[in-house]
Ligand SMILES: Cc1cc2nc3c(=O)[nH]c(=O)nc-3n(C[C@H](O)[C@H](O)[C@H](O)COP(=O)(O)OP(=O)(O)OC[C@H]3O[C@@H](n4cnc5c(N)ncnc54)[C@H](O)[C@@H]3O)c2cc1C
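A single chain comes next, written as structure tokens; it is the form predicted on its own.
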């Protein structure tokens, strides 16, 4: 396989890596289908149309669906009803935050930027705005988000509710850039909060897992627009681990992708550059497709000849050299995710990150776990948000995935046991098996959050089955 004339992005670097491995696999097998099996969606029950999340692992049959036009209609609905309500954004959570058999509330009509403060570089954004659309709107106004996740299809409110993040220890999660928000409570009361107004609610609501009320708009701290250079390099495993601690400190943004059963790792760094340098080296970012398509094809081959998993994945993708691309911040940060998967992510203390990451990779290899999906590793800065994974602790976030139609329970449980040894905090929107007792030990502000939650929602209108285990009824 050659990489000549291929414009390599994060997607294409992973495609080349997977393609190199795939070439080795198909050279030893015949008659293996590369087409993934199409998963059928859930069917209606008694005339009720189902809702499912992006990956299909969460399904529910809501009796009612609400889509309020504005804040006034939302407040009126909450005042005049008494049943359970769960808000839904893009459906990109893998944990059971959304499912309900009562009312499913869409904030799709709460979109766009309603106000820009040019002096303070703050914007007020509708809760249902997708990150990709927000990025485009900011860029058109010569503004930029301070940091951004690598998946940009989520809604803003959903991202805030779960402390979704990008990478870079000098940068916090999206929640840390919230300077104000509007919350509508279970009885229809509208509360404005910020660092100077209703501060306790502000500190809780910036990562609220949809348990306090419905957020209608969010004020974000942004900055002037900017341009980035992304540099990707595939390195032997030990060389990569030696370099990662240095990159953690020295690089603006940095992430790694560990390849299960392999002996190489992909390291990626982001550097801010001038518009002139970006224009002079402009990279085509218009290609479509998902890097994980290649790994999915390889997984299908290995399914037919499972004894080749180790040998095939140990073939080093040496054809991949150093590659760079340039572009606007919103183009470089965002990535397409066409290939569906389920994901678990835990954040461990930053100083323990490399040891935990190494143990994850070694365990997969030693136990010959049936997975080839790349594992993502990122650093994130600490904050003061009560239920943030990064509360008073800079973190190393480690994400393990498997394809949406592959079993994930056993793999996730084995990884979760490793994360537990490092006092890992799970991403609220991703797979975990934690309960109230676990969270009480992980979050110093747990009791304060529970007390505030009960005050704002005494009748537990925003609690579904998943949250029952997190906020159980006592007594």
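All values derive from a computational prediction rather than experimental measurement. Residue numbers count along the first chain shown, from 1.
Just so it is clear, the following notes concern the form predicted in complex with this ligand, a form of the same protein that is not shown.
Candidate stretches 132 to 140, 238 to 246, 188 to 196, 153 to 161 - the one whose heavy atoms come within 4.5 Å of this ligand in the predicted bound form:
The contacting stretch is 153 to 161.
Which of 387, 125, 259, 214 has a heavy atom within 4.5 Å of this ligand in the predicted bound form?
None of the other options qualify; the answer is 214.
Could you check which residue among 325, 251, 378, 309 gets a heavy atom within 4.5 Å of this ligand in the predicted bound form?
Result of the distance check: 378.
Contact between residue 91 and this ligand in the predicted bound form at 4.5 Å, heavy atoms?
Heavy-atom contact with this ligand at 4.5 Å: present for residue 91.
Spell out, yes or no, whether the shortest heavy atom distance between residue 206 and this ligand in the predicted bound form is within 4.5 Å.
Residue 206 lies outside the contact set for this ligand.
So in the predicted bound form, does residue 432 come within 4.5 Å of this ligand, heavy atom to heavy atom?
It does not: once this ligand is placed as it appears in the predicted bound form, residue 432 has no heavy atom within 4.5 Å of it.
Is there a non-hydrogen atom of residue 61 within 4.5 angstroms of a non-hydrogen atom of this ligand in the predicted bound form?
Outside the cut-off, so no.
Is it the case in the predicted bound form that 54, 149 and 341 each bring at least one heavy atom within 4.5 Å of this ligand?
Yes: each residue has a heavy atom within 4.5 Å of the partner.
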